[in-house]
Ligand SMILES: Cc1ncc(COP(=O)(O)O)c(C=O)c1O
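Shown next as structure tokens: one chain only, the form predicted alone.
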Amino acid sequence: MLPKRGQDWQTLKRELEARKQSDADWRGLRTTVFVFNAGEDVMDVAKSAYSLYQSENGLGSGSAFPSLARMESEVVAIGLDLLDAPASACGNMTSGGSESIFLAVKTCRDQVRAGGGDTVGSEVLVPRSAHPAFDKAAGYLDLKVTRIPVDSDFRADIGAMRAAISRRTIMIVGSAPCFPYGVIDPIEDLGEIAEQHNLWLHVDACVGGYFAPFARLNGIDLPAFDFSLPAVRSISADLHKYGYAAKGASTIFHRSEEQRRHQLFSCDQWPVGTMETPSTTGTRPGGAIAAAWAVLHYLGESGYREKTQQVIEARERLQSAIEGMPSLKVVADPQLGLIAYTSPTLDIYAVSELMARRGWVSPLLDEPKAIHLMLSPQHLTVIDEYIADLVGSVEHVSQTNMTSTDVTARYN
């Protein structure tokens, strides 16, 4: 219920701080998902830039706030350059990866319709490891998602993808990398399939779009996944992940303006004239645009390369420690900042429960059962602490043969 009288800010601030006490300790670097911590200085830049534009509305960037239009254009240009896009390419900022993916699917569907195609019952083929945002988009757009099993290396199974194509298929998808396993799908092979069948190939680089280019600059050997492959028609890439921008900020990129026009919305059926928007939202927070622009320019190439190296070093140190424990096994062959590990002998969920008791917050995988981490630059400062706690948790589970049910019963 709305209070009859307002309260002073200091009282409200104390209440907000009290409510946060039961939240995950991301500032203590014990959260390996949801928050991408590149350091207090980067967060201060994002926060300050956001506050300068917190009231400005991206809906009015073409008239009232041309500075937002300029910043969005410059952010998009940076992303296109990182992803080796041709001069014809273009894009927009969005509120997050789900919206970027939605717009890619929507644009594909509407392009098919504009060409006279019937999209009723049309399908999008995705690997089993693809993000659920494709299912969400299909649900809104009256399409069907067909998930194809991954290969033994946890990447998209090319043979299975090829075999699944039907006359109803309009899009195929690859991830760079996928969230569950942290591996890049064979995008070049998917591109050959797309070209053979004249299909739209979308690359979900929400995780890797602002990470993989700098990893490559740092000498990491990565497979081709971006616009350097002619078959790639669109790419989604999140600024609020490894771009370290404020939430919510993502980008959707298209190979050409002709293609992107099917993304745009326009309506003149009301008394105020024509309303045009490039994305699903009307009001667009100017703060998210300004924060992304500011962080990109604050870090620059050298800063991103440094942050990328910190993430990779943290992952490599953790991976080496896991590979040195006979009861643990790394899932897939991670090359970027994601890593998952399982156990052939122990209840890995019991290990996760004990790690949670030590304050570590990490998601779990079901296929296979595994602990999953998405590392940030600042995790390098606590990775040895994580490894020490992991060794202790594994030893305890091994010695007691505990299950996750046992851990829950003991500590609750």
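Computed from a prediction, not measured in an experiment: that's the story for all the values here. The first residue of the shown sequence is 1; numbering continues from there.
As for the form predicted together with this ligand, it is not shown, yet the points below apply to it.
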query	finding
In the model of the complex, M93 touching this ligand (heavy atom, 4.5 Å)	no
Residue contact check: S122 to this ligand in the model of the complex, 4.5 Å heavy atom	no
4.5 Å heavy atom contact, G182 to this ligand in the model of the complex	no
C206: touches this ligand in the model of the complex, heavy atom cutoff 4.5 angstroms	yes
The single option of R109, H240, R284, R260 touching this ligand in the model of the complex, heavy atom within 4.5 Å	H240
Listed residue that, although this ligand is not shown, lies within 4.5 Å of it in the model of the complex (heavy atoms), from R155, R255, R315, H131	H131
Options 174-182, 317-325, 192-200, 260-268; stretch whose heavy atom lies within 4.5 Å of this ligand in the model of the complex	174-182
Interface residues of 86-115 toward this ligand, as seen in the model of the complex [heavy atoms, 4.5 Å]	G96, G97, S98, I101
